[in-house]
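So this first bit is one chain, no partners, the form predicted alone, shown in structure tokens.
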Amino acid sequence: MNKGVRYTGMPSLEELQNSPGTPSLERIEKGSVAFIECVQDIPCNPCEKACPFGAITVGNPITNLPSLDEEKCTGCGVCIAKCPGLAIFRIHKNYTDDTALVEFPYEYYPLPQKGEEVPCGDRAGEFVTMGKVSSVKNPKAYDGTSVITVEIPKEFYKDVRTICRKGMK
């Protein structure tokens, strides 16, 4: 079976592991960091322009995959809402001893509320675990893309990428 973004619309684990936007396990342990799950050679670079620390590079040609300089990335999350492909996430693996924070772009309504318990899903929208909304950002500068942060059990930090909408009450 063919896997990968070209066939399924979602990046495969192999594509993600080979992506220059994926931080190392060592950097993930240090604190908040961007995960750039862009694996298609398309002409795009808003993430590069958005990063105030110069941690994201696309360069020339503009079809290069974005590279993350994990030493420059502070995990500020400014790049998340600027990605038109909704392919950038922020992870804080060690938020507490038992939980992680995952921040992701979200373009659906109604928006969840801070403190709400929500079903969290993977890249395919399939349920992974329950999470608690810790923030909802939706300023005009984000141009309709909200950024949601959920607190989840730590073991799911590599999997959670959205709030499930299937079968929501």
Partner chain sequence: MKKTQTAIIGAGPAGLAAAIEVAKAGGKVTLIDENGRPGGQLFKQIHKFFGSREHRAGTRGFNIGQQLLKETEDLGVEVLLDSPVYGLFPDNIISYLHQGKEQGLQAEKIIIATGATENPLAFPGITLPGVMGAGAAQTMINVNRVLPGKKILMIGSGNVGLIVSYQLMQAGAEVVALIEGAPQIGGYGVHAAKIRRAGVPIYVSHTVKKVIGSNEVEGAEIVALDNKWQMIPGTEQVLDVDTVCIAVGLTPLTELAWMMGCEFTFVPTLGGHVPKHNRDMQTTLSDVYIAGDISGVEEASTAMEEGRLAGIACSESLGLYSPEKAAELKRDVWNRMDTLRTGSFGEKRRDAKESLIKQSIGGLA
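Here the structure is a predicted model, which is why all the values come from computation and not from measurement. Positions refer to the first chain, counted from 1.
Note that the form predicted in complex with its partner chain isn't included here; everything after this is about it.
Asks: So, I62, Y108 and T162: all three within 4.5 Å of its partner chain in the predicted complex by heavy atoms, or not?
Replies: Each of the three qualifies.
Asks: Could you check which residue among V133, C44, I28, V128 gets a heavy atom within 4.5 Å of its partner chain in the predicted complex?
Replies: Spelling it out, the residue with a heavy atom inside the cut-off is C44.
Asks: Does at least one non-hydrogen atom of T145 fall within 4.5 angstroms of its partner chain in the predicted complex?
Replies: Yes, T145 sits close enough to its partner chain in the predicted complex that at least one of its heavy atoms falls within 4.5 Å.
Asks: Heavy atom to heavy atom, is K49 within 4.5 Å of its partner chain in the predicted complex?
Replies: Yes, contact at 4.5 Å.
Asks: Going by a heavy atom distance of 4.5 Å, is I91 a contact of its partner chain in the predicted complex?
Replies: Contact with its partner chain, no.
Asks: Just checking whether G75 would be counted as a contact of its partner chain in the predicted complex - the rule being heavy atoms within 4.5 angstroms.
Replies: No, G75 is distant from the partner.
Asks: For the stretch 82 to 99, which residues lie within 4.5 Å of its partner chain in the predicted complex by non-hydrogen atom distance?
Replies: Counting only heavy atoms within 4.5 Å of its partner chain in the predicted complex, the contacting residues of 82 to 99 are P84, G85, L86, A87, F89.
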